[in-house]
Ligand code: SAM
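This document opens with one chain alone, in structure tokens, the form predicted on its own.
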Amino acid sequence: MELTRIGEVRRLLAAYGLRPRKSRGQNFLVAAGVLDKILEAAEIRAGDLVVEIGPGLGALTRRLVEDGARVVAVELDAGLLLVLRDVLSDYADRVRLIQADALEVDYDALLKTVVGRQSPEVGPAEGMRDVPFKVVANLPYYITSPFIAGFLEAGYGFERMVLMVQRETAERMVAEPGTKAYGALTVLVCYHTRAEVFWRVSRHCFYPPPAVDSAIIRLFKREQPAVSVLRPDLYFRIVRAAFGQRRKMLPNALDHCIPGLDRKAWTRLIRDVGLDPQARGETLTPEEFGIIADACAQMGFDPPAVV
């Protein structure tokens, strides 16, 4: 069964009474050469543990297993799970199918059930952050940014992520300060990983074709954050506020994002650390955001946690 041919994809969907669901970002990859590029970027070795998000009809899943990986595949759609169980029946000992919303999964606990073969009811995994794993996925576009942000902020012990994403999102993740694409996602990705766009993918490589082109991006987890800051929570609060109103100068954008600091106080603080109060967030490097955040931390500002 060739799962990267449009005719076969259509036939398989029809056999199970399914249609691609736009609301769930279901665009199935129908280009074997692009699958080759995903595997090349992932550098799968025998025994690798891989988390796959949105396996769809299992084309990538099968290739991962054939290259020697153990795969934990998270799929929300019950109809696609029926297809996956049949398509992957020969690989049942190396694939664990999980029906869940990828944005709500505790991946430490999930991987503990796979590696430790314990009950899913077991709590957060002790020591799982020392077990290396990879994330390899053709992500539904609508969950891309929240998935990446949530995954990185959770501190999971992955080795690398190889993701098919909307090309615009990939460009945002590797953008330089001062560019239109540079934003809070850029800073978050830079803080936790080294990112590179590995391959650009035409929209015509999917069925049905989406409205935009895609890209394969690789994120390598850093051993230490790119920026050393006293309070990471404070750092990212300032970053989010700066880009939340990116047209405004920093004192205006940051006004009251931290209780006790109004525009005048921000102007003084930014000037005192040697930066320009008239600058906008999009012109600051991740390190310069760190300078501002550490100045706040040293002054004793302790904003309430973001819910």
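Please read all numbers here as calculations on a predicted model, not as lab measurements. So that there is no doubt, residue numbering starts at 1 and follows the sequence shown.
Omitted from view is the form predicted together with the ligand, to which the following refers.
Heavy atoms within 4.5 Å of the ligand in the model of the complex are found in exactly one of 236-244, 259-267, 53-61, 276-284, that being 53-61. Using a 4.5 Å cut-off to the ligand in the model of the complex, each of 26, 74 and 139 places a heavy atom inside that distance. Not displayed here, the ligand is approached by residue 143 to within 4.5 Å at the level of heavy atoms in the model of the complex. Proximity of residue 189 to the ligand in the model of the complex: non-hydrogen atoms within 4.5 Å are absent; the residue sits far from the partner. Looking at residue 100, you'd find a heavy atom of it within 4.5 angstroms of the ligand in the model of the complex. At the 4.5 Å threshold, heavy atoms of residue 80 reach the ligand in the model of the complex.
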